[in-house]
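In the form predicted alone, a lone chain appears below as structure tokens.
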């Protein structure tokens, strides 16, 4: 790949910076009470799916105005074709757009729908499904959540038990029963894309189907799950005889595993976490150099400086991995094992960075309340985020398996 930006790409980067500066709604700021999102594409302090439905009129108006501004240019789904509401940008331009939006500190809009479901429907969906769902996502009007994980099927996703059976001869629908868990922002979603088992007798990877389910359907119950910080970034979903039209099936029956793997590949191809980590490490250095922050003076040791320098090197490595993934996506249309390399490296870097911050603040790293804590206890909260980093979007074991079998062509264990 060419590591140098072209003149056109540099011009586009300046265009994005100007847009974010001029069009981001005045007054739509981060929620000081919001916990850090676990989603790498989300800017800390914002929760766009929740803000869109907020009881605070100013926050709700700000979220919707920002979505409308992005939709004018097709920048909610920048890589999609124009006829579905996208901007038809190349993968590298989309990479630049998302990087600059993160650097500007403005939230991603409709991330799961635009970055996971949309590309999946473009690859595997029917024309009717694309026409029905893509424009609403691109306008910021409908939001989606991904229902893959289950109580008994986390990293071993193919062990899922949520069942879908034919509702009856001539019914043209499935009946879905079961439970999903750890579904990000499901309580704010209009629609769900889920994996269900349609053939319990088939090998576990070959009896799964990918369905689109209206979250307001009778029999769907969504309950937020509170994490150990008291935040509710996830939800559990229960399906009780939920009727789903066969027309909502993506791909062939019992072939949903392959559709899901494509969706997860798009999830792993992001840039957001890299920028977020760069910003927090820069803040850490600034804090250590300040004599005003509690807990910072006296921690600036040679050992700590060496560790921070190591994190910077790793962050640049992570950036180049993400850029390489974007170049591969531009070349072949779907992410390959390169996305798993980037996901694996970024997840483990997340945990190392959290430990570096904890070392920097010594006993102050135990402070949970933000008032009076160095960097408003950002690293204390980051350490809690980092616990799940090697589980989200596929565990590190799964990523290593993808790299070994698809990238290095090693035999399956």
Partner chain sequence: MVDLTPTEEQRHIQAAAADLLAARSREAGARAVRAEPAGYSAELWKEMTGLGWPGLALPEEYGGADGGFLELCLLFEELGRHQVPSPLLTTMACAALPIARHGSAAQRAQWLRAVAQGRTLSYVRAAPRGDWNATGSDVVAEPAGQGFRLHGTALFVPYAGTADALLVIARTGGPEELTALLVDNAPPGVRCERLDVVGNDPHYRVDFTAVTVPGERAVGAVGSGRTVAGTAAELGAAATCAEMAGGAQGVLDMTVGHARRREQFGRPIGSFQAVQHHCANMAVDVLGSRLGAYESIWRLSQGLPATMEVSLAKAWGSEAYQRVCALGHQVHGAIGFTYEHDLHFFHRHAVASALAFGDADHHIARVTRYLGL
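Remember, it's a predicted structure, so these values are computed and weren't measured experimentally. Positions refer to the first chain, counted from 1.
FYI, the form predicted together with its partner chain isn't displayed, but the following is about it.
Within 4.5 Å of its partner chain in the predicted complex, a heavy atom is found for not a single one of 225, 347 and 387. Taking the partner from elsewhere, residue 314 is found to have a heavy atom lying within 4.5 Å of its partner chain in the predicted complex. Although the partner is absent here, residue 253 sits far enough away that none of its heavy atoms falls within 4.5 Å of its partner chain in the predicted complex. Within this chain, residue 23 is remote from the site of its partner chain in the predicted complex, having no heavy atom within 4.5 Å. The closest heavy atom approach of residue 310 to its partner chain in the predicted complex falls within 4.5 Å.
Note on the interface: of 115-123, 339-347, 135-143, 171-179, the segment with non-hydrogen atoms within 4.5 angstroms of its partner chain in the predicted complex is 339-347.
Screening 323, 283, 73, 163 for any heavy atom within 4.5 Å of its partner chain in the predicted complex leaves a single hit, 323.
A single residue from the set 153, 92, 246, 261 has any heavy atom within 4.5 angstroms of its partner chain in the predicted complex; that residue is 92.
Shown without its partner, the chain has 1, 2, 3, 4, 5, 6, 9 in segment 1-28 as residues with a non-hydrogen atom within 4.5 angstroms of its partner chain in the predicted complex.
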